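This document starts with one chain, in the form predicted alone, laid out as structure tokens.
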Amino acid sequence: MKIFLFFIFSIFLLNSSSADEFNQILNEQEYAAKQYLMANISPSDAVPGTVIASPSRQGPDYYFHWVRDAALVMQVVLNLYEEEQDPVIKSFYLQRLDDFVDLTHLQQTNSGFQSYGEPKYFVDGRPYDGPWGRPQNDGPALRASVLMRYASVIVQNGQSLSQKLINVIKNDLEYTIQFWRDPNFDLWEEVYGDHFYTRFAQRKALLDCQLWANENNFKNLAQSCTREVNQLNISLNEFKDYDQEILKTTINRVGGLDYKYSNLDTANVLAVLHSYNHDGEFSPASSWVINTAKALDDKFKVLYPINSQYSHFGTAIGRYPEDQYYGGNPWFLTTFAMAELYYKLAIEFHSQDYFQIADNYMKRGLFHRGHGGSIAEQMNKYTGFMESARDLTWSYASFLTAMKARRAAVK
């Protein structure tokens, strides 16, 4: 009964709110998201620097450190550091990043170079040793990019880079250089092949490497990154579907799930949000990305019954149309990702219409959240109630990066 009443209150609040009231709702959720996200970093029973995917230990058990999720969360921590004015709080964020470097060193030591593509770790730093979709080669690339960004912050603060930080960055870059051509599992851990998300993350890491390695006089590493990224750029054209004018998510599939016949996936929107290098290559405003986003919205709008309810909210967005995990529901992080994309489009095209579309996606996600601003992994496609892992760290990260984009759009 309490949950039902909260739903009714959410409908009323989001429907009747003025622009100022909606901004207040967003600000309150942003504060809550920061608290939940930081609470999932370095829990008391874990090695410092561990980012648990969720506090959920059963139905499903997400109490692990995923390399991909952790790298994306640390990008958010760096965002929070840059936005913060209080030196004490800034120092707190830097400590979490230092802990993350130490943990990465431990994980690399425990897994060994050939296994840097290990997707997840126990909270004590040991690689997960059960059956799983491995390797997942987006993780080392994403982690290298966030740690190179952190290294720039350290230098800007007038400090020297530790040898440990240099080593973990170089290890991830060398792994990416050696294995970017190899098939691996996608970010959803289901399909074995070549994936746009992974390839685009690897491109970003190699481009970041060119700058970072040259700045630190690692000439051989810089040359290797330049050589490989030139070849990688050519390979990205293979993901263009010229018939539908959208981006394919996977090519050269060699294993894993075989029922994703549409090859349409929100992973490609996430790829652009996470790894666009501001050089025009697959920008958020490119027709390939916009057409992919529109095709996804069209599919999910009719696929999920909740989208016919309160249709003035934005579309609840899932991972891909054929999804069967937990019954195949919309996800919070993908819905907020669409909001972030449209805020970026609002900036690019100076469009109030795109801004409103983005706000509507945010309203959809906010409508399905829990008490106190808690956000799970999914929302049930029939009832709208939260499903799967509670307090998913990536859900909070996705909301926070959408809010960052919204502030930029408002300016």
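One-based numbering along the sequence shown. Given the structure is predicted, the values throughout are model-derived calculations rather than measurements.
Absent from the display: the form predicted in complex with a small molecule. The rest refers to it.
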Should Ala402 be classed as touching the small molecule in the model of the complex when contacts are defined as heavy atoms within 4.5 Å? no
Any non-hydrogen atom of Tyr276 within 4.5 angstroms of the small molecule in the model of the complex: no
Is Ile317 one of the residues lying within 4.5 Å of the small molecule in the model of the complex, judged by heavy atom distances? no
State yes or no: in the model of the complex, is some non-hydrogen atom of Tyr36 no more than 4.5 angstroms from a non-hydrogen atom of the small molecule? no
Can you tell me which of 356-364, 60-68, 341-349, 39-47 lies within 4.5 Å of the small molecule in the model of the complex, counting heavy atoms only? 60-68
In this chain shown alone, the residue from Tyr310, Phe92, Phe122, Tyr325 with a heavy atom within 4.5 Å of the small molecule in the model of the complex is Tyr325
Could you tell me which one of Glu174, Glu189, Asp102, Glu215 places a heavy atom within 4.5 Å of the small molecule in the model of the complex? Glu189
